[in-house]
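In structure tokens, one chain follows: the form predicted on its own.
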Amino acid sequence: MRTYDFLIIGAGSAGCNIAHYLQKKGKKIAIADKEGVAGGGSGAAGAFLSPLPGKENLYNTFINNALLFSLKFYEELSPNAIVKKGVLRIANENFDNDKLEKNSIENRYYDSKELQEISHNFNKIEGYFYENAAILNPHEICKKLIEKCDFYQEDIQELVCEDDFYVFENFRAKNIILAQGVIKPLVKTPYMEISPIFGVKIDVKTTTHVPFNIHKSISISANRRDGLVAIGATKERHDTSKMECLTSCEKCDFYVNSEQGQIETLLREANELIKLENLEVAKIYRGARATIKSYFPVIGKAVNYEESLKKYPSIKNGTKIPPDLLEYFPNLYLMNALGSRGFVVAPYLAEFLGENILNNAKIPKELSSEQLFYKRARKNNP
């Protein structure tokens, strides 16, 4: 039986990045996923790396710091898997012209005449160009990240701990990191209320030269190195009170029989921005991305909710119990809720979590599993 320092469950952007980080630190790593590498929401992601404009606050500062970190990281990891040509952002109901222009991120305004001088295929649109933006090939990146780790395509449904190891059929691991996205976690974490968000992406062949990424309500990529253009969108939020992710997106009732409508919607919205000539749809990807109410990702040790409240019931009334006194599942960590910006934040989060695990470095409060635990416990005070 093979023995590992860490088993990461989930081979999307989160799992692959933390696997890569720990392997680089000399740890023996296994990673498991029932759908394969980037087989879920990460594989369906547009994998656009873009800044978040607007007035500075805790969230967009986090995103923009993560972006700068990740752009450098991916360029060093796999230069051929990233195309860095910037992004043109078009005003919409969430980001008006004022928000796109007046922020701390350097940008340049293009009117419709200037854009049509760049490419006659642009429709009569205007927008703001941000230089620090790119697109990745998600499958290529994830496979590169874990090339020195052992991958198992397995549907792990139970954690069994014996003699300080988590034991499985073919291997055992000292530590577990749950990076499962929308899949129901293997331990009870009621403080982490995952809300799946539906995403869809198509890769298309076109003779149109797309000079840079374009984003409005959908995203269109510049021409990638493989000759394709990606068109993607985060379209709908699942109602978690009515459904739970128990299968792959290709088999889910939420998506079934909707493929043609999804393609038509993406193509219609894309052509409102730029005319894509001699168009041929090469492939469609669908997947659910995990978020929580605060929009921040979650990393850290897995708090045992029930045992912590049993030991310290006064937490419900606001008593401040230090995190190191809480009860935790043994050698079990979380990295989840990366949302629609998974490839932007994953390398940044992997460094935070990796340093916390290996060197006890502090995790920022807004990202920590403990912070969510306290909020949930006090919220449920009758």
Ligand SMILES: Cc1cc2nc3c(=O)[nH]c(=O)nc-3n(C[C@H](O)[C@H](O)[C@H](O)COP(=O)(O)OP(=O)(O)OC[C@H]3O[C@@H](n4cnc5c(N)ncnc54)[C@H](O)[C@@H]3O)c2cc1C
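Numbers for residues come from their place in the sequence shown, where the first is 1. Nothing here was measured: the structure is a model prediction, and the numbers come from that model.
Although not depicted, the form predicted in complex with the named molecule is the subject of the following passage.
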| query | finding |
| --- | --- |
| Candidate stretches 220 to 228, 78 to 86, 100 to 108, 285 to 293 - the one whose heavy atoms come within 4.5 Å of the named molecule in the predicted bound form | 285 to 293 |
| Whether 15, 47 and 183 all lie within 4.5 angstroms of the named molecule in the predicted bound form by heavy atom | yes |
| Proximity of residue 356 to the named molecule in the predicted bound form, heavy atoms at 4.5 Å | no |
| 4.5 Å heavy atom contact, residue 54 to the named molecule in the predicted bound form | no |
| Any non-hydrogen atom of residue 336 within 4.5 angstroms of the named molecule in the predicted bound form | yes |
| 4.5 Å heavy atom contact, residue 315 and the named molecule in the predicted bound form | no |
| In the predicted bound form, the residue from 32, 63, 326, 332 that sits within 4.5 Å of the named molecule by heavy atoms | 32 |
| Sequence-ordered list of residues in 340 to 369 near the named molecule in the predicted bound form, where near means a heavy atom within 4.5 Å | 340, 341, 342, 343, 344 |
